[in-house]
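A single chain, nothing else alongside it, follows as structure tokens in the form predicted alone.
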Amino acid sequence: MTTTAILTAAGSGDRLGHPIPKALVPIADAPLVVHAARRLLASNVVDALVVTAPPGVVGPMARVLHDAGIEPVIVIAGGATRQESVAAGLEALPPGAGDDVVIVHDAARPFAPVSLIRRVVRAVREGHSAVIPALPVADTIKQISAGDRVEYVVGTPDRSVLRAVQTPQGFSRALLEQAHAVAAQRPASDHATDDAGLVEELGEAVVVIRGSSRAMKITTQTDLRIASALFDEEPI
């Protein structure tokens, strides 16, 4: 049973205010994609790594990873959506068996701890075909219905049963390939926002394990400053 990681790095840096792809935005000594890749390989449970880059940036991203000593790695062009990018990553995987493990991780979560990566992979290897890390929701969540000019509250979900989902997410290879094959037949607007959502749509069970605050997603300049502090505390 082998484990392959698909690291999605095809997003833009627009919301970060950068003209370069988000995955190439630097923190401390390296771009986000390098930090994420280092942790995946440092876990010692990942046998192969596939990185999805923005079209036109495959060569530069491959050089960045090579110069950082990230080997072995396959860098390919991602798609217009997350689903298309992960599907492209699946197509680029080395030959393997259906019970192999595939984990999908975001370069925008560069400091996910090695221990979290190991726990996700272990849970899949123990027989759970879909595993996601998540944290309890701290804020009160409101469901709203938008009016013409204002938003109105229509409900307050019980936050004790809500979770904020993170990556890496782990799957049996056969299940993830099936989920993406089905999703590819639908319009992009109908796709779930993560791979676990695609699996849920098949009616398959998804197991939740405890996530980590260090697996935060970087979206804004404020997130970058917080992530820099995390790196200073724990370089890897």
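For clarity, every value in this text was computed on a predicted model and none was experimentally measured. All residue numbers refer to positions in the sequence shown, first residue = 1.
Omitted from view is the form predicted together with cytidine-5'-monophosphate (C5P), to which the following refers.
Using a 4.5 Å cut-off to cytidine-5'-monophosphate (C5P) in the predicted bound form, not one of P133, R163 and Q166 places a heavy atom inside that distance.
Only one segment in the set 95-103, 79-87, 123-131, 145-153 has any non-hydrogen atom within 4.5 angstroms of cytidine-5'-monophosphate (C5P) in the predicted bound form, and it is 79-87. Although the partner is absent from this view, L116 stays clear of cytidine-5'-monophosphate (C5P) in the predicted bound form, with no non-hydrogen atom inside 4.5 angstroms.
In the predicted bound form, K217 approaches cytidine-5'-monophosphate (C5P) with a heavy atom inside 4.5 Å.
Shown alone here, R15 lies within 4.5 Å of cytidine-5'-monophosphate (C5P) in the predicted bound form, counting heavy atoms only.
The closest heavy atom approach of V75 to cytidine-5'-monophosphate (C5P) in the predicted bound form falls outside 4.5 Å. With contact defined as any non-hydrogen atom lying within 4.5 angstroms of cytidine-5'-monophosphate (C5P) in the predicted bound form, the contacting residues in 93-109 are D106, A107, A108, given in sequence order.
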